[in-house]
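Single chain ahead, written as structure tokens, the form predicted alone.
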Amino acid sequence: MKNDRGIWRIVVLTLFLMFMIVPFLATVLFSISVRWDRTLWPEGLTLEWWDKVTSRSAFETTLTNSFIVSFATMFALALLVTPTAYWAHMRVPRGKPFIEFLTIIPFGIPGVVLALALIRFYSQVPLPLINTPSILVAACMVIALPFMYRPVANALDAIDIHGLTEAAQSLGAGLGQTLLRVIVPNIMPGIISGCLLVFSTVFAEFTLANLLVGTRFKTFPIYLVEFTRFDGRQASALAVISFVIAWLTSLLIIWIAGRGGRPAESLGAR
């Protein structure tokens, strides 16, 4: 029985890896093919399409814009959600269902509806936010809120925040010190998971970027979609670049978080 289970696990894992890797490898192969529409395999290989899409000035501009929006949204949500979730768990546990309900709402709001609602609302108030990156970051914060809140909330549920807080306060730490020096190190895996999910979500966001800022602050997904209209090979090259950038950035975030030190030990156990 154990051997059968081991075999089934290997089969399932192999099929899952094939399901995830084969489309990516096919995209890579298509992006370096001279032509691939008449035979089973590409008719020659070339890096011409990669050279064309990366040599344009718009490539660096859109890539930089996407990084700005992604990191701004990621840091803003981390600063907003972490203390809010901690406060809800500590002081107002009855408010947790309400907060969780708010985090579910973005899943039911299409990007088009959200973008049009923001344009309609901010066009009526005397704030110069329309057609600026600020409104794009604000919109991305709304749709990415669940991806930051849920990992942080799960991390808070996994530790004894009441015991840690009481121990820290008994040693003279204030609420801010307790959060930064005791709670945050213990829930860092949850914060990092949320940051990775937010970054990957925002970096690939097309609908909000196209409707809210468009060509005034062109992001990488808009640049990619423009190529799908006339050359799929160049669009495939951009898709591969987008995946690799998201993957490398995720590894970088994990590495930086790992150098920050191990989670703080439970003060209650001292």
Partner chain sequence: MTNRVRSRKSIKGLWAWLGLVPFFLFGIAFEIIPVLTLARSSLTARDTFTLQNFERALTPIFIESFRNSIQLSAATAFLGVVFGTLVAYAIITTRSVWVRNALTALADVTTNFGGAPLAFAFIVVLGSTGIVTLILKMIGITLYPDLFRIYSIQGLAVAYLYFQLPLMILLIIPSLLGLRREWREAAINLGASAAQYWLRVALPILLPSLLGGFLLLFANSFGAYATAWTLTGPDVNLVTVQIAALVRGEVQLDPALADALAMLSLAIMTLCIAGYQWLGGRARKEGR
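Numbering follows the first chain given and starts at 1. None of these values were measured; they are calculated from a predicted model.
The same protein has a further form, the form predicted together with its partner chain, not shown here; the description that follows concerns it.
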Though its partner chain is not shown, can you say which of L171, I104, I159, L180 has a heavy atom within 4.5 Å of it in the predicted bound form? I104
Give me the residue from I32, V213, A235, L63 that has a heavy atom within 4.5 Å of its partner chain in the predicted bound form. A235
Would its partner chain be touched by all three of L80, G95 and L118 in the predicted bound form, meaning a heavy atom each within 4.5 Å? yes
Going by a heavy atom distance of 4.5 Å, is D37 a contact of its partner chain in the predicted bound form? yes
Please tell me whether any heavy atom belonging to G108 falls inside 4.5 Å of a heavy atom of its partner chain, as the geometry stands in the predicted bound form. yes
Under a 4.5 Å heavy atom criterion, is F206 part of the interface with its partner chain in the predicted bound form? yes
So, A138 and its partner chain: in the predicted bound form, are they within 4.5 Å at any heavy atom pair? yes
Contact check, 222-240 vs its partner chain in the predicted bound form, heavy atom within 4.5 Å, ordered by sequence, gives L224, V225, T228, R229, G232, A235, S236, A239
If the C-alpha spacing of T249 and P151 moves by 3 Å or more in the predicted bound form, is that a move closer or farther apart? closer
